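In the form predicted alone, a lone chain appears below as C-alpha cells.
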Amino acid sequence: MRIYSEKTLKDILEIPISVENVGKTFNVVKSVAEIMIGKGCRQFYFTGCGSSYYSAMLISFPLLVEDIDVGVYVLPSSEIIMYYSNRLSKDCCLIAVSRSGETAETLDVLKIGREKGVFSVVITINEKSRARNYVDSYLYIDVGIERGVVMTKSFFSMTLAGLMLTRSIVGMISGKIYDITSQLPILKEYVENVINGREKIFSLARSYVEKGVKRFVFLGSGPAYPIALEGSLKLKESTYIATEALHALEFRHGPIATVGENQVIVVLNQDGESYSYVYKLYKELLSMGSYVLRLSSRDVDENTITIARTDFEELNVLSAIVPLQLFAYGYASALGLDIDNPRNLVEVVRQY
C-alpha cells in the first residue's frame, strides 16, 4: 500500500525539536522587543496571509488582553494594501509573519511600511528572502526547511517565536515578568506525547471517513479562535472537504441550525476566561446528538483530546494545533489523498 504524505508527516514529527530551537532565539527576540519599546511603539499592526495571518492573530493576543495602553490591529496583508495603508506611520510598529519571506502581499505591505517610516519586523523560517530589504528586524527562526506545501512545523515555530516577542513587549511595558521560556519543556513534552500517540488520532480520523463525515465546524474563543481557523484550514486544504471556523458562542446564532447534519463539531475549550461558557456549549451539543471532538486540559472525557497545561493560555491553545495537524493528515490519508501535493496550492504566492 502506498504511504502518503511522508514530507508533511516528517515536518510534524520535527515540532518537538523546533520548540527547543525557537527557545534558543529568545535573547534575539527579546532584543527586538527592546528596540521596539525604545522606538516608542504604542500602535502595533500584525499581518500575514493564510496560515501566517492566523499565526499573527494568535501572536497579537498578549498585547490585546493585558492591561497596557497600546493599540493593536490584526489584518491580512491584502486588506492593509487595499484599505488601511494610510493608517501606517512612523509611530507604528509592523509585525509580519511569512514562512518564505517572499509572499507577494506581505512584501508589498513591508514596502509600504518602509516608505512611511514604520518600524517593521518579519518572522520567517527562510534565512534569505527579499523581506530583508524592507524590514528593520529580520527574525529568522532556524527550524530547518519545511518539506510540505501545507504549513505545519513553520506555523507552530513562527507563532511560538512571535509569542515570545509579544510577551516580552508586554513585560517591558507593564513591568511584569513573563517567563515564557520556562514553559517550553512542558510544551515540548506535550507535543512529543501527542506524536507518540498519533495512531489513536489517525484511527479517529479514519472512523469519521468510514461514517461518511464530510463537514467539520471548528469553534474557539479568545486565543483559540485563530487555532480554530488554522485547524479548519489544515483540514480543508488537505482534504478539500467543507470546513468552517467560528467564534465559539457564535455557533448558537444561526449555525446551530446545522446540528443534525452528518458533521463533526470540533470544540477548542482551553482553560481560561472562556472555559465555562464553551464547556456549557460542548455539553449542549453532546445532548443534541452531535459528533463532537473536544480539545481541552480539563474535564477530560471520551470525546476529549488533551492539550498542554502551561502558565500561558496562548501556549496551551498553540499546542492544540499539533493533534489537529495529525488529524488532517490521518483524514486525508484515509481518503487516499496526498497532503504533500495538495490541489491548486503552491508553497509561495508570488502574485495577486
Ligand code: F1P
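For every residue, the number given is its place in the sequence shown, counted from 1. Computed from a prediction, not measured in an experiment: that's the story for all the values here.
Missing here is the form predicted together with this ligand; even so, the following discussion is about that form.
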Under a 4.5 Å heavy atom criterion, is G50 part of the interface with this ligand in the predicted complex?
yes
Answer yes if any heavy atom of G162 is within 4.5 Å of a heavy atom of this ligand in the predicted complex; otherwise answer no.
no
Any non-hydrogen atom of G220 within 4.5 angstroms of this ligand in the predicted complex
no
Would you check, heavy atoms only and a 4.5 Å threshold, whether I95 touches this ligand in the predicted complex?
no
Going by heavy atoms within 4.5 Å, which of 255 to 263, 193 to 201, 144 to 152, 130 to 138 lines up against this ligand in the predicted complex?
144 to 152
Counting any non-hydrogen atom inside 4.5 Å, which residue from S157, T103, Q270, T166 sits next to this ligand in the predicted complex?
T103
Going by heavy atoms, what in 323 to 352 lies within 4.5 angstroms of this ligand in the predicted complex?
V346, E347, V349
